[in-house]
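Just the one chain here, the form predicted alone, laid out as structure tokens.
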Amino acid sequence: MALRAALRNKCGLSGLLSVRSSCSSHGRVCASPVAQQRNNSTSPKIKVDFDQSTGVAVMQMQSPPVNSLSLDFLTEFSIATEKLEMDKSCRGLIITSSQPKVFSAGLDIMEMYMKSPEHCGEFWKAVQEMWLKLYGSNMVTIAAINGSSPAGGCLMSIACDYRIMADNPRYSIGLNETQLGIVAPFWFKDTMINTVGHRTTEMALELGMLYNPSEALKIGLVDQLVPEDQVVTTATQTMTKWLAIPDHARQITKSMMRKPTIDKLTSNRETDIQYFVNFITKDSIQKSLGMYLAMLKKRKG
């Protein structure tokens, strides 16, 4: 099958299904078998610095080595975002990474390999929740993309209001699911259509394309490129322009634009979860994931 063939590629499931160690290869984050060692769940994976004088919070993703979207990470992300949302003095949120060369490498493969259907369902619900919290936020949200951002990292980025990316040709961003024999869920697709348009999304998803920063800027996947050391500073400066707009007018407009997409998922959440669980727990898919992990272990050895 297509997924099995993809597993023979050099970087395999990099980006879409990440594990928790990496090597950097032309902007793609490649997994390593030592990633099977779980991070200490008591270590904060999200750091939030909130400046009450400006009303802006900076959220740093700090889950070494590649900010994999694990269940623990996603839960912590959603809780942190909800707390900021409930604080009416917080008007803006900048999301960035403390890990070198990567924003987020995507979904954590270890949450889906040899796990029960119940666990896979819980994990996918957490992925949904992350997107719902971010895409529907009343805050101004800016992604300060200071590294590669494939698959789940790309979804997180395009769920924000504005994207600023480091101008480094070794970095990449995109929804590359089909290269791995996996289909992006409808709400991934809808979010990308809302960002870059139907035809560009159709080609990007069918081909599983990853774009370098200049290509991403050309199609509108990101809004601005700046030197790597200026990403967060530029995001802070850009935030002042967004916050100059009266909150109620901006929030109502944002809701008007995004509510149909959000409603489509909220009314189909259980169906979407069941579809994912049925797919990821197939013997053929589990076998392919096992082959991939074995390949990584052999390569390291």
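All values derive from a computational prediction rather than experimental measurement. Residue positions are given as counts along the sequence shown, with the first one as 1. Between two forms, the rigid core is the largest collection of C-alphas that superpose within 1.5 Å.
Not pictured, yet referred to below: the form predicted in complex with a further copy of the same chain.
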message: Since only the chain is shown here, I'm wondering whether Q179 would be in contact with a further copy of the same chain in the predicted complex (any heavy atom pair within 4.5 Å).
response: yes
field: 4.5 angstroms heavy atom contact with a further copy of the same chain in the predicted complex for G121
entry: no
message: Taking any heavy atom pair closer than or equal to 4.5 Å as contact, tell me whether E202 reaches a further copy of the same chain in the predicted complex.
response: yes
task: With heavy atoms only and a cut-off of 4.5 Å, decide whether H198 touches a further copy of the same chain in the predicted complex.
output: yes
message: Each of F186, D223 and I285 having a non-hydrogen atom within 4.5 Å of a further copy of the same chain in the predicted complex: is that the case here?
response: yes
task: Could you tell me which stretch in 66-74, 228-236, 53-61, 254-262 has residues with non-hydrogen atoms within 4.5 Å of a further copy of the same chain in the predicted complex?
output: 254-262
message: Can you pick out, from T96, Q128, N194, Q99, the residue that has a heavy atom within 4.5 Å of a further copy of the same chain in the predicted complex?
response: N194
- prompt: Hey, which residues along 240-265 are within 4.5 angstroms of a further copy of the same chain in the predicted complex, non-hydrogen atoms only?
  reply: K241, W242, I245, P246, H248, A249, R250, I252, T253, K254, M256, M257, R258
task: Look at V277 and decide if its Cα position differs by 2 Å or more between the shown form and the other one after superposing on the rigid core.
output: no
